[in-house]
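The chain below stands alone, shown as structure tokens; this is the form predicted on its own.
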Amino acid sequence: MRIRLQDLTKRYRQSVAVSKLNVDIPSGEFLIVLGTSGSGKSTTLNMIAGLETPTSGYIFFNEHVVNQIPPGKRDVALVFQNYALYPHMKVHDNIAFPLKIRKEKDADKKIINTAAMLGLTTLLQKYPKELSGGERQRVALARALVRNPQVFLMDEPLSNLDARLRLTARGELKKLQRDRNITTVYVTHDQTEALTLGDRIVVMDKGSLQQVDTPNEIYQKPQNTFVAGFIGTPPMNMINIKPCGDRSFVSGETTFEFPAPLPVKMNCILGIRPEKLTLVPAHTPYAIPGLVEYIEYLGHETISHVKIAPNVTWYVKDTVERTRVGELVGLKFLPEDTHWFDPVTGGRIAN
């Protein structure tokens, strides 16, 4: 099922939840809608599902407008954060419920096959209260999968799981979606889920589309400072600069030397990912000087917090601990690893 959103808008009195959203979702794609709380991502999902009516704009399923089609006739399956299982029904009956409503034939066969696929065969006679969070999540998925819908709509379905279960569930979910080749729209605020699950990612902020692209392009070429600062852990380092020579720039009252001719001749925002910085001895030529304020040890890597100017701290991600708190260091980088943004619009202007 191909889904197309055309100028999709939702207003609540004076508040705009979604503003003129345009997205084309090819059949079989796993699309992530990513954003913070209040970005409009869940409202978008609810409009696709038919749970909310757009104020204006259109929702197309293939080439048919479905704005006025009720949820039950859109052939979509919903999976929510809280699982929405019926507590008085056993697992078998929870999975069977959508088939019972539709009075489908061979229901028992479909239930058994779906339960086996998700490892639920031994749990069919248990009640939801007897299950772990991961098991409940799989039951919710089974209920969505059992009738083989044309579209999956998922609203943060893994957020109640612990870190280990989320890792396992992400793998299972991606495999299931690929095996069924069902168009999937998945809402989350978790960028790890977005980057690992999505064929493409829609990044939203305050109801507006910020960027839509593959996970690699979103990370490597953010189209504005919001995306640059939102995607990545830690986020992209950024600083407002003013060119003051062929290879030098000023930020506040601090002058820095750039390792190549500056690609811009205007006031702008310079950005660089934490993993693209290398800690070197202080006073190394063309390295940005700084003071190590804090080091996070994460086992497989360390994140150093380095103060490079008043009120400006940059993060450096490395696989080994190269320095100590309180040490003066230099931050070395390659010119081609930098990003440049307009300080007024926040849009990308170079690289």
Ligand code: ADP
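Please read these numbers as outputs of a predicted model, since none were measured by experiment. Note that residue numbering follows the sequence shown and begins at 1.
Below, we refer to the form predicted together with this ligand, which is not included among the displayed structures.
In the predicted bound form, this ligand lies within 4.5 Å of some heavy atom of residue 36. A residue is said to contact a partner when one of its heavy atoms sits within 4.5 Å of a partner heavy atom; residue 17 meets this definition for this ligand in the predicted bound form. The closest non-hydrogen atom of residue 42 lies within 4.5 Å of this ligand in the predicted bound form. Only one listed stretch (64 to 72, 42 to 50, 22 to 30, 311 to 319) carries heavy atoms within 4.5 Å of this ligand in the predicted bound form, and that stretch is 42 to 50.
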